[in-house]
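In the form predicted alone, a lone chain appears below as structure tokens.
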Amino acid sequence: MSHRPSWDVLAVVAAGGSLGAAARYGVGLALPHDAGGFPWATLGVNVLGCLAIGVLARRAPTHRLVWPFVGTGVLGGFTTFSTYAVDAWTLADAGRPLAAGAYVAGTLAAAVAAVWVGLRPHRSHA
């Protein structure tokens, strides 16, 4: 395996990251919250991103640029661990430590469950 930089991979990661970050920004605009309010938008993008990465991992894309574009780029830009941490701190700082704890634990549980669901093979109900 080569460790030399691959400019086409870097380009698709950057393009995908731009799309994912723009989509997350749009979700934040659609679902705004006040300081100390519950961050539903962040919870939603993180859980949805985890579901999507599970589906992507299950499908095992064969083209070498699909994972860098979608997984690292789009979904990496869409999901946000740093905003999750800041939102938890902001909730606690606003005098809502139980909401902060529920947010931290709930996001983690929902994210892991979403990856698990995404990794499960599709079953026909016929």
Partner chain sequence: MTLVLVLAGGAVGALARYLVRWVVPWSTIWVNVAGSALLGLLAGLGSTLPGWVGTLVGVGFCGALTTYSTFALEAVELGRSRARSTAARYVTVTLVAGIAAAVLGVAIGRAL
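Remember, predicted model here, so these are calculated numbers, not experimental data. Numbering follows the first chain given and starts at 1.
As for the form predicted together with the partner chain, it is not shown, yet the points below apply to it.
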4.5 angstroms heavy atom contact with the partner chain in the predicted complex for G49: yes
Just to confirm, I53 within 4.5 Å of the partner chain in the predicted complex by heavy atoms? yes
Do V104 and the partner chain come within 4.5 Å of each other in the predicted complex, heavy atoms counted? yes
In the predicted complex, S82 touching the partner chain (heavy atom, 4.5 Å): yes
Contact check, 101-116 vs the partner chain in the predicted complex, heavy atom within 4.5 Å, ordered by sequence, gives V104, T107, L108, A111, V112, V115, W116
